[in-house]
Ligand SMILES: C[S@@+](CC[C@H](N)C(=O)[O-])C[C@H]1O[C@@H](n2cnc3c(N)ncnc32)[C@H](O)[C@@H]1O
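Shown here is one chain on its own, the form predicted on its own, set out as structure tokens.
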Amino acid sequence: MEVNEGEVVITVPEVRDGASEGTGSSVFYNPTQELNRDITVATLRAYRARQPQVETYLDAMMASGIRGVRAATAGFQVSGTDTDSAAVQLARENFARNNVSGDLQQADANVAMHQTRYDIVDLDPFGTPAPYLDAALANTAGLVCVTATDTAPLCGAHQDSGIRSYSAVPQNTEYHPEMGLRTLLSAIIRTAARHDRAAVPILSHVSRHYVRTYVEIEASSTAANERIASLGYVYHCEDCLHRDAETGLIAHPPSRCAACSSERILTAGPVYVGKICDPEFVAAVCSETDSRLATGNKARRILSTIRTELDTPTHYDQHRLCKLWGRSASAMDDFLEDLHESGHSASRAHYSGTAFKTTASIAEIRSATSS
């Protein structure tokens, strides 16, 4: 079937009725990732303005070629790899249909990344990106874009799988989307550091059932050390929902909750506890987002929220707190205003409509919003 996306028209496998992942015959296509791709194109344009020398882009798992076609239309020199010969053939047809060129090969992505140095590498595998991180982070010159769809392992719902894939212990909490993002960023930063390279997050978001992050690469052992210093642990009380965080690779979990004295404390880590984005860059991406696109307005809303989010390493869920306290949730704007009026910093968080961040403690949140 034909798909119109952005400025391109491509042929993709027929989507089965009710399919959420857009699988067809043998070539994977995911229509629910259109938001991901729209933000990607805006990010590529903003990054080229930030680093005018960038030219080459690798779509490491190209499938139908949709991501690569859109990058080529945006003016990048695109290469693409896939191990499926049918995918390579379909991608070539889609490139030709849109009058753009690309070096598209049937090849293993890890081999391609080791053989050729690209300015930008985009990893969008089906499932975990973990097997591709070493090659991408060791050899990419500028920007590595990573999608992870294995959110259950990342957020701790399938904890053993998360431990195996990411060498960290995630915990399944009410802020599970952010847990997944920070677990992924931890793995990326540690992997890059093994190669004396720093991976600096300049944009990250969690949408639907995937995590997406863009990390700028700096070849410096000193900068890599600074990134490692942004890793740490989160301690979460299962009873009152209080949480603390500390930096460092050695955990010092409390025996009791500082707020309610509960002994039911979850320890997550090492996770990334630093900034998930560069607000100025996010603003630039937002300005490159075309509101005429199918997801353009949604992308702008998400980016605008990310740009103004507080840098706290976890978010709260308003409904979860109000349920714990046995009261109804007020309008989110009113809820945040109550926190502001009580002298606390607070912001919406992009993870959900009921997610927010604040410097206030659980007790202070409850007191400030009790009226």
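Numbering starts at 1 and follows the sequence shown. Fair warning: this is a prediction, and the values are worked out from it, not measured in the lab.
Note that the form predicted in complex with the ligand isn't included here; everything after this is about it.
K.L.:
Just checking whether residue 62 would be counted as a contact of the ligand in the predicted complex - the rule being heavy atoms within 4.5 angstroms.
P.N.:
Residue-level check for residue 62: yes, a contact with the ligand.
K.L.:
Is there any non-hydrogen atom of residue 201 lying within 4.5 Å of the ligand in the predicted complex?
P.N.:
Residue-level check for residue 201: no, no contact with the ligand.
K.L.:
Please run the contact check for residue 229 against the ligand in the predicted complex: heavy atoms, 4.5 angstroms, yes or no?
P.N.:
Outside the cut-off, so no.
K.L.:
May I ask you to state whether residue 107 is within 4.5 Å of the ligand in the predicted complex, using heavy atom distances?
P.N.:
Yes, contact at 4.5 Å.
K.L.:
Looking at 83, 101, 221, 297 here, can you tell me which has any non-hydrogen atom within 4.5 angstroms of the ligand in the predicted complex?
P.N.:
If I apply the 4.5 Å criterion carefully, the residue I get is 83.
K.L.:
Quick one: of 142, 153, 125, 177, which gets a non-hydrogen atom within 4.5 angstroms of the ligand in the predicted complex?
P.N.:
Result of the distance check: 125.
K.L.:
With the partner removed from view, which of 44-52, 62-70, 321-329, 304-312 is the stretch that lies within 4.5 Å of the ligand in the predicted complex, judged by heavy atom distances?
P.N.:
This holds for exactly one stretch, 62-70.
K.L.:
Could you tell me if all three of 272, 281 and 350 have a heavy atom no more than 4.5 Å from the ligand in the predicted complex?
P.N.:
No: none of 272, 281 and 350 comes within 4.5 Å of the ligand in the predicted complex.
K.L.:
Across 29-50, which residues bring a heavy atom to within 4.5 Å of the ligand in the predicted complex?
P.N.:
Residue within 4.5 Å: 37, and no other.
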